[in-house]
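As structure tokens, one chain now follows by itself in the form predicted on its own.
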């Protein structure tokens, strides 16, 4: 196991596990909760096919540690730099060419929810709770949460962000905030099994191509995305005989 700030990294064969560990609530001490150079080094490990993000213990993450955040407010430049680094971390996770699954237990608030939103797939335990409580403290989500939530919920994001209200796993599933609810109390093993099935027997280059094509559909115009899909297909087709032998 390797550690970077409040996050640890380990491998289970082809799956990497990023675990948030900082007390019972797994608070994020600062917006840049993870050294991005460590993150990039881990993501470049050979043979990696997927990543699971989870919280150690009963909670995924309750978000920002307000006391620590207040110490950053004294310097506007320092706060802005920390927020920008935090966004860089989440952008990097979202743009990975391997599937990233968030296994969500317990509290998933504020910055914790923003981490989950940067993941490609969100699996919640039956006891998971979600909220953006920032407006209760005179703030708004600051790590891309307003943007990512609006892309998922459309105008329904207004209520969740402005009210600061907490919703349970069933409501999150109804809103398509999470993709599925784990049958057991702890979502981690359920999510791990799901991710393993998703990438089992799939060559890394096929996973990379599929993820690129899916991201292109979201970031490019249709003509560009379709052209890129053709190029990705042809690049894979060159080696199709190797996979059938």
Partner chain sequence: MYKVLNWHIKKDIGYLEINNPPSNPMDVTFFKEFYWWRTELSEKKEIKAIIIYGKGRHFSSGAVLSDLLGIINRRHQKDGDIQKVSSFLNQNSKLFYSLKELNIPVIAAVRGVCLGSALELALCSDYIVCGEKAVLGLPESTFGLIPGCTGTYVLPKLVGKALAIDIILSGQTFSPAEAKNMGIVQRVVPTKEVLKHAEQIAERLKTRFYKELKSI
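Not measured: the values here are computed from a predicted model. Positions refer to the first chain, counted from 1.
The same protein has a further form, the form predicted in complex with the partner chain, not shown here; the description that follows concerns it.
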{"item": "4.5 angstroms heavy atom contact with the partner chain in the predicted bound form for residue 10", "value": "no"}
{"item": "In the predicted bound form, residue 25 touching the partner chain (heavy atom, 4.5 Å)", "value": "no"}
{"item": "Distance check, residue 14 to the partner chain in the predicted bound form, heavy atom within 4.5 Å", "value": "no"}
{"item": "Partner contact for residue 165 in the predicted bound form: the partner chain, 4.5 angstroms, heavy atom", "value": "no"}
{"item": "Among the candidates 192, 207, 181, 36, the residue which, in the predicted bound form, approaches the partner chain to within 4.5 Å (heavy atoms)", "value": "207"}
{"item": "Complete contact of 202, 229 and 240 with the partner chain in the predicted bound form (any heavy atom, 4.5 Å)", "value": "yes"}
{"item": "One stretch from 154-162, 78-86, 119-127, 104-112 that, in the predicted bound form, holds residues within 4.5 Å of the partner chain by heavy atom", "value": "119-127"}
{"item": "Members of 92-120 lying within 4.5 angstroms of the partner chain, judged by heavy atom, in the predicted bound form", "value": "94, 99, 120"}
